[in-house]
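The data below hold one chain only, encoded as structure tokens and taken in the form predicted alone.
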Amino acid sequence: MATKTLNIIESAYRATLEEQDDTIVWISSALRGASAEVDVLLEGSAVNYAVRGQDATGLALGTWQQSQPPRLDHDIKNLMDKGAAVFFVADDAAERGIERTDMVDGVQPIARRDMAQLFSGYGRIWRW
């Protein structure tokens, strides 16, 4: 029996300029594509990843312009399309003024107090 893995992403926007995606969302998607049972929990500032319609076009640093901006909401949707469950800490979203209706369809809220129960369903928990 395969061991399920939960990737907890707390540190948001790590390498999103250089790589045009979040490295952990990307590796989770790649692992899912290779039949690994990997799900994701967005925590802290990373709950922003599930907000629909983010747009980083027009970003420029000096004379350099970002030609391939990150599309994290699309990356989250693609991950779910591969069968991954994507959760977000509802308390963190509320602290940031993010409404459930602002988020990608299919992401699942979880209260901070219920995280231990979520964790019990996984053999491995990786925090990023």
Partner chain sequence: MTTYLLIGSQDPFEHSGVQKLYSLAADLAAAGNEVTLMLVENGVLAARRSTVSEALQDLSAKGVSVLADSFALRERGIEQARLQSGVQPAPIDHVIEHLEAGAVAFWN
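From a predicted model like this one, the values you see are computed outputs, not experimental measurements. Numbering follows the first chain given and starts at 1.
From this point on, the text means the form predicted in complex with its partner chain, which you will not see here.
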Do heavy atoms from each of 46, 52 and 102 fall within 4.5 Å of its partner chain in the model of the complex? no
Do residue 81 and its partner chain come within 4.5 Å of each other in the model of the complex, heavy atoms counted? no
How about residue 75: is it within 4.5 Å of its partner chain in the model of the complex, going by heavy atoms? no
Residue 110: heavy atom within 4.5 Å of its partner chain in the model of the complex? no
Within 4.5 Å of its partner chain in the model of the complex: residues from 94-111 (heavy atom criterion): 95
